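Okay, here we've got a single chain as structure tokens, the form predicted alone, with questions on binding and movement later.
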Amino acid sequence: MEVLRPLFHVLVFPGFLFLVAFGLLASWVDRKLIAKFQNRVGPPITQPLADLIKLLAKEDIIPQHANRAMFAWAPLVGFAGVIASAVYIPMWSPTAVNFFNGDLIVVIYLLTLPAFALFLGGWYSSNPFATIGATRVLSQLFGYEVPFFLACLGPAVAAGSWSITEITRMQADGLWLIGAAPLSFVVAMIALIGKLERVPFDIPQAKTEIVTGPEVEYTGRRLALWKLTFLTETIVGSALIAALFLGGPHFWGIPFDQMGPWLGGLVGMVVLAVKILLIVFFLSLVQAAMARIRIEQMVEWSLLWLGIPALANIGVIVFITRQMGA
């Protein structure tokens, strides 16, 4: 059983099957919310699954002049990075499947792999539209990644630990770290939009300009992998923010210690799912309310209006913790 346990966590829960299923559900919630905001009906709940099955059934083509290895392996690397990051985030209890002091850095690194993989896949596809989209992916990466790291640094400094599990456990009494680092929370939410390449930061996939950008040559199973990568990254990124700022599976008054492992795990998973869906609601609201900006505007705006507040919030946290220590 001990040999099969890691495989279960990677392939079933909280890994592949859980993230794909929850990602499809979150995709439907996202599309339904945007439709409601725009006074439309929206898709049925089975539509994301039907779209995925349709892509999996289509022909998988590699362009003649593309670098076959880079083109073929890029979506697998991006998807694997997201799946691997899930085992370090508490999904149903205050303790993650795998945790150590420094796993926050590992998760942030793993969540950058989809962007780098998308850049390589688009760059080596030999399509001019994909090449432009790939350069935009890399340019945008420099815009949102620094603020996102600084935003995640706030709870780590407040908790005195680089472990997501330890940061989550610190919030067990109901004092969520959003109160200590509100600016960091706002910055993390906005930077997450950039990571997911959603409006107004969907510049690399601007359909009206470069025909879906770096993904333009992808078809069939590989295109489905890219779609799944962004769906699962939405869940993992939202779960990370929920764990760092909103207590993860914790909620006021829920005595995890007095519950059995199964009941406590089920309740914790439901609590975290509600928090993730609330973050998805925010993402949907932003997408329905805003328009796309240019790539140079995104980079300048992110570094100036996200990076500086996140850094200032860290300074405030350091000052307060030193005063409390004194």
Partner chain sequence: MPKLSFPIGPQHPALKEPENLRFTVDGELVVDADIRIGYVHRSIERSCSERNYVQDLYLCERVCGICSNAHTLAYSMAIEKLADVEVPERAQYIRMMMHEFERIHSHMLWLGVAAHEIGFETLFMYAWRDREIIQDILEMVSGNRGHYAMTTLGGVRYDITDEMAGKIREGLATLRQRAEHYADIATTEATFLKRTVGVGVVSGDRCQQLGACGPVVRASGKDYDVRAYFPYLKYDNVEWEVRTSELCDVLGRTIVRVQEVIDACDISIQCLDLMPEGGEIQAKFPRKVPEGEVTSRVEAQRGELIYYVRSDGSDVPERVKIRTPTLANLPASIEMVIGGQIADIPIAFASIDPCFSCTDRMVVLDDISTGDRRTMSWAELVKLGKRK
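Positions refer to the first chain, counted from 1. Here the structure is a predicted model, which means the values were calculated and not measured.
This protein has a second form, the form predicted in complex with the partner chain, left out of what is shown; the following refers to that one.
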The one residue among Leu225, Met170, Leu113, Val211 placing a heavy atom within 4.5 Å of the partner chain in the predicted complex is Val211
Students should find that, of Ala50, Ala57, Val274, Ala288, the residue having a non-hydrogen atom no more than 4.5 angstroms from the partner chain in the predicted complex is Ala288
Checklist line | Close approach of Arg31 to the partner chain in the predicted complex, 4.5 Å, heavy atom | finding: no
(message) When the contact criterion is heavy atoms within 4.5 Å, does Lys207 count as touching the partner chain in the predicted complex?
(response) yes
(message) I'd like to know whether Leu183 contacts the partner chain in the predicted complex, with contact meaning heavy atoms within 4.5 angstroms.
(response) no
Note to self: Even though the partner isn't displayed, in the predicted complex is Phe37 close enough to the partner chain, meaning a heavy atom within 4.5 Å?
What the structure shows: yes
In contact with the partner chain in the predicted complex (heavy atoms, 4.5 Å), from 294-302, 66-74, 42-50, 262-270, is stretch 294-302
